[in-house]
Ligand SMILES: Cc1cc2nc3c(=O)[nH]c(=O)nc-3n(C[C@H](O)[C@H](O)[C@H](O)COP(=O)(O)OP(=O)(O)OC[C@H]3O[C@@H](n4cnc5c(N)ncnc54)[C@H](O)[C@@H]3O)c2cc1C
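There is one chain below, alone, in structure tokens, taken in the form predicted on its own.
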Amino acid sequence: MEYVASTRIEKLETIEPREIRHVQLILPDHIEIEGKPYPLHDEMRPGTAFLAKPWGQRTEKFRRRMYTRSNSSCNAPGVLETFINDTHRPQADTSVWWQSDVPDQWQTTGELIDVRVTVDDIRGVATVYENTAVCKQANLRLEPDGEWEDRQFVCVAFGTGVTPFLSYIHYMAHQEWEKDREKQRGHLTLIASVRHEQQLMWHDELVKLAQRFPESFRYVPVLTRSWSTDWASPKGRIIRATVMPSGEEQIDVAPLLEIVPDFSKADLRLCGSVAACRQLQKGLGDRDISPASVRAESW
């Protein structure tokens, strides 16, 4: 049997009109099953996704959708945050609904959105369901505590692919970076590639974090289509694909290597479109560049 908790929409922030929204759902403190109350615990691991059932604008019914979490349960328990973009696909349903005015109406009227939970009868609690319980090559669940702290992560995000890495950053800052500076562990470089500045998510906060924890966190925003005259960060694509007369695709990763010259000790993490993630890995492979590990989540 599938159990759910009914969440309310706490926050709807437009990053780019009709394109990207920042969504915040608030969990109840307990659920009731057959008259028995279960405290609801939020124990989600950074890099994982929760399952919600928003409305589908095309199908006009509730649809099951996974949403990668952008904040961390350790410092924001019960608050599920994510970034949702319009996929612009012919069969788009819930993605276009989130960009409409209807969710704003739901927020005002108190309409609820179900989120899947798991019931643990032994502990007598319910927990937020996560899309994966183990680290695999095709997911971005953060390694267990005691393993990630000695790694040098290079996280490359295309568009809303920044979402799981924001969860990493929230968690790492809370668990390590805010402690004694001499004992800080775990280094993360975040490369966030978007078309233009308006699409940068959590930008001001990331700039402040990089300034606050320079020994642990590096933030590199990249604009690929347009930028202001005073834009000081990288411009243009970090990977460039050219189709040769033979039909073979030639990948140039020189712009990426200008940002990260040495991948030999880097644990590379990728999130974004299938094409972008594939091209980046192929470009590194063509140069015989082998990161310490590679994991990617793409769509």
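All residue numbers refer to positions in the sequence shown, first residue = 1. As the structure is a computational prediction, the values presented were derived from the model and not from experiment.
Here the subject shifts to the form predicted in complex with the named molecule, a form of this protein not shown in this document.
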{"property": "Contact stretch among 119-127, 190-198, 106-114, 87-95 - heavy atom within 4.5 Å of the named molecule in the predicted complex", "result": "87-95"}
{"property": "Asn131, Ser216, Thr224, Gln152 - the one with a heavy atom within 4.5 Å of the named molecule in the predicted complex", "result": "Asn131"}
{"property": "Listed residue that, although the named molecule is not shown, lies within 4.5 Å of it in the predicted complex (heavy atoms), from Ala49, Leu256, Leu27, Leu270", "result": "Ala49"}
{"property": "Trp299: touches the named molecule in the predicted complex, heavy atom cutoff 4.5 angstroms", "result": "yes"}
{"property": "Exercise: Arg63 in contact with the named molecule in the predicted complex, heavy atom 4.5 Å", "result": "yes"}
{"property": "Exercise: Thr59 in contact with the named molecule in the predicted complex, heavy atom 4.5 Å", "result": "yes"}
{"property": "The named molecule contact at Phe83 in the predicted complex, heavy atom, 4.5 Å", "result": "yes"}
{"property": "Partner contacts for 157-171, taking the named molecule in the predicted complex and a 4.5 Å heavy atom cut-off", "result": "Thr160, Thr163"}
